[in-house]
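Below sits a lone chain in structure tokens, taken as the form predicted alone.
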């Protein structure tokens, strides 16, 4: 049966609250009462929509993984020229992480407990197939003299790390290095800076 507007709003408020609480405290530290309070509902209503913390967490975690993994799958399957691919993935990740800044910490907090579901989703989204395609593209760029020799997995890891780490370390980075700086604006500009840095580091 189709949910009415009030029910849909309540469910979205719950999900918004759960994203914040799970991101800040992880699965173990999150409490259903705190999520209910943050969503502006009572705990009984929260349990009406989500029977357990496990069910709620599973939905939030799956949502977060898709937001992170889908751009990676698109990058790996992309037929663009290598340098343009690097620009594309950097821009996509920064767009996603500006909209969902909690994702890196959320993933890092939980991924070590059960990597199997991450690997399963990567397979479903086509990451493992696209990986071989991009490895071959990097190897061909090395062979043609376009880029210096570099291990393909390391290049991909460098791109993802440079894109995600600043969001994961944002509170410390802002306090130590960017006090008074509009971090959202800085992150918008950073996408192309990351791509330029990676490209210059591998170009011959």
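Residue numbers count along the first chain shown, from 1. The structure presented is a predicted model; accordingly, all values stated were derived computationally and were not measured.
Keep in mind that the form predicted together with a further copy of the same chain is not shown, yet the notes after this line are about it.
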{"item": "Residue among 144, 169, 52, 62 with a heavy atom within 4.5 Å of a further copy of the same chain in the model of the complex", "value": "169"}
{"item": "Partner contact for residue 89 in the model of the complex: a further copy of the same chain, 4.5 angstroms, heavy atom", "value": "no"}
{"item": "Heavy atom of residue 45 within 4.5 Å of a further copy of the same chain in the model of the complex", "value": "no"}
{"item": "Residue 82: touches a further copy of the same chain in the model of the complex, heavy atom cutoff 4.5 angstroms", "value": "no"}
{"item": "Distance check, residue 74 to a further copy of the same chain in the model of the complex, heavy atom within 4.5 Å", "value": "no"}
{"item": "All of 34, 38 and 57 with a heavy atom within 4.5 Å of a further copy of the same chain in the model of the complex", "value": "no"}
{"item": "Contact set, 184 to 204 vs a further copy of the same chain in the model of the complex - heavy atom within 4.5 angstroms", "value": "186, 190, 193, 197, 198, 200, 201, 202"}
